[in-house]
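First, one chain by itself in structure tokens, the form predicted alone.
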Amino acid sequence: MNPPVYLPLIGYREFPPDEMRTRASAFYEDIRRRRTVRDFSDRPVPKAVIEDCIRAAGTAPSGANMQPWTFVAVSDPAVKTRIRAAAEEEEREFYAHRAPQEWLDALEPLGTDPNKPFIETAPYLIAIFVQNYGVRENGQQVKHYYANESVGIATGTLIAAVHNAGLASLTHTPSPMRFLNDILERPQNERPFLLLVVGYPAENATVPKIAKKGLDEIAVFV
């Protein structure tokens, strides 16, 4: 086994404490504006913007640096139509038969239902897949470590990058999502993780009245 190769850390930037505080506060004030949107405009988004957002997601840390993710950016209207039809089929089954009443009660204040027109309206869907294992050129399987956690971190980075670019997003997780493998022709070692809807909010977009927990409810300092 070859020994690991280390390089000098060249990208790190340190800031004075006052500037650190200013930057941390500014980031919080900006990211708190992010809202999940269900009313999208069909205005086109430059492909280069989506590419850079995905590049940002690809910088996320991952178990053993396996980078066990695949991002499929969908803008083809015909493909989006197929995804919507399949997603709504699963959603109708969920709302009518699979979801316990407690879950439906929790969703009620958000106003969600089986209809997902945003899948077709928004200019981009980004289907995010977990690679359960890697496959070398010779067909040999390579174990991926902490794949779900790694893809979750990358997805959070992607959502922040989309917001930073001035776009809105929606996390959509119809269950099961295996139809995405079929429609997008993804291999069996990949499992759908999440469908991120991306675009500009519609001019008449509305969002539910909700509140986020305060710092004292989500953090403990010891």
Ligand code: IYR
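A residue's number is simply how far along the shown sequence it sits, counting from 1. Remember, it's a predicted structure, so these values are computed and weren't measured experimentally.
Separately, the form predicted in complex with this ligand exists; it is not shown, and the next lines address it.
Within 4.5 angstroms, counting heavy atoms, which one of the listed stretches 128-136, 104-112, 145-153, 70-78 is next to this ligand in the model of the complex?
In short, 104-112.
Check for me: heavy atom within 4.5 Å of this ligand in the model of the complex, for each of Glu91, Lys116 and His172, yes or no.
Answer is yes for this spot.
Would Arg38 sit within 4.5 Å of this ligand in the model of the complex, counting heavy atoms only?
Result yes; Arg38 sits at the interface with this ligand in the model of the complex.
Judged by heavy atom distances of 4.5 Å or less, which residues of 185-222 approach this ligand in the model of the complex?
Counting only heavy atoms within 4.5 Å of this ligand in the model of the complex, no residue of 185-222 makes contact.
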